[in-house]
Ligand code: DC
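One chain follows as structure tokens, the form predicted alone.
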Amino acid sequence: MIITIDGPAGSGKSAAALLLARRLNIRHLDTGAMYRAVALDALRQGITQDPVAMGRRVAEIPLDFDFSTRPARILLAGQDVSQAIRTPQITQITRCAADNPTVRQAMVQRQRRIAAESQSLVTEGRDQGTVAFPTADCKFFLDADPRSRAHRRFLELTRRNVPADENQILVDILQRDQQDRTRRVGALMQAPDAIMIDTTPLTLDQVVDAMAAHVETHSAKEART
């Protein structure tokens, strides 16, 4: 079973995807982490402003997930970079990877390979239900009020002792929304058959409960056919 969860930054999709995967006892794939890792590699190689070089480099990047842990660790050349990819600096340059058509194509191919190897997977990002897995068994699109999303991101950074300004986060989120929805490749959009969940008034458990109920209904229907 492939379950996709798409949505804008701060909508709660990462936390919800991880918790749903734990509840279903299947793998969780954070595709945003893949683009962040590519951006980190590009920064280290000094090619963040060279899309052609990034496109050539992506085929060589030793990028893997360690699914023995939850959340899975992301490994770059064997090094755990799960924390290194979450800095504000990497957040700012990730679009250099995410907007690169060659990088995007390579990452989607890797995502599909991981899904094939996993058999069952909860995968979250921006284009999972529209591009990577258009025939996924269950699709969800999470959204929330921008101020609510900014506050969540602020709390997340604060918990990790990363200096943050909530007002600036809101500005960044609004700018990122515009960029994500107008990308040439992998643009953020709700798949026509995706179930939309507004997470603004909901707790994390309530969001996961709603998704789990839909998955259970789908599984029951499949069992009857």
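Note that residue numbering follows the sequence shown and begins at 1. Computed from a prediction, not measured in an experiment: that's the story for all the values here.
The form predicted together with ligand DC is left out here; the points below concern that form.
E156, D172, D64, D180: which sits within 4.5 Å of ligand DC in the predicted bound form by any heavy atom?
Partner contact (heavy atom, 4.5 Å) among the options: D180.
Can any non-hydrogen atom of R176 be found within 4.5 angstroms of ligand DC in the predicted bound form?
R176: contacts ligand DC in the predicted bound form.
Using 4.5 Å between non-hydrogen atoms, is D127 touching ligand DC in the predicted bound form?
The answer is yes: D127 has a heavy atom within 4.5 Å of ligand DC.
Using heavy atoms and a 4.5 Å limit, would one call A98 a contact residue for ligand DC in the predicted bound form?
Yes, A98 is a contact residue.
Residue-level question: is T31 within 4.5 Å of ligand DC in the predicted bound form, judged on heavy atoms?
Yes, T31 lies within 4.5 Å of ligand DC in the predicted bound form.
Can you work out whether ligand DC is within 4.5 angstroms of a heavy atom in all three of R110, S118 and K139 in the predicted bound form?
The answer is no; none of R110, S118 and K139 reaches ligand DC.
Would you mind picking out the stretch of 158-166, 33-41, 48-56, 66-74 that comes within 4.5 angstroms of ligand DC in the predicted bound form, counting non-hydrogen atoms?
Contact criterion met by 33-41 only.
Pull the contact list for 9-24: residues with a heavy atom within 4.5 Å of ligand DC in the predicted bound form, in sequence order.
Read in sequence order, the lone residue that approaches ligand DC (within 4.5 Å, in the predicted bound form) is K13.
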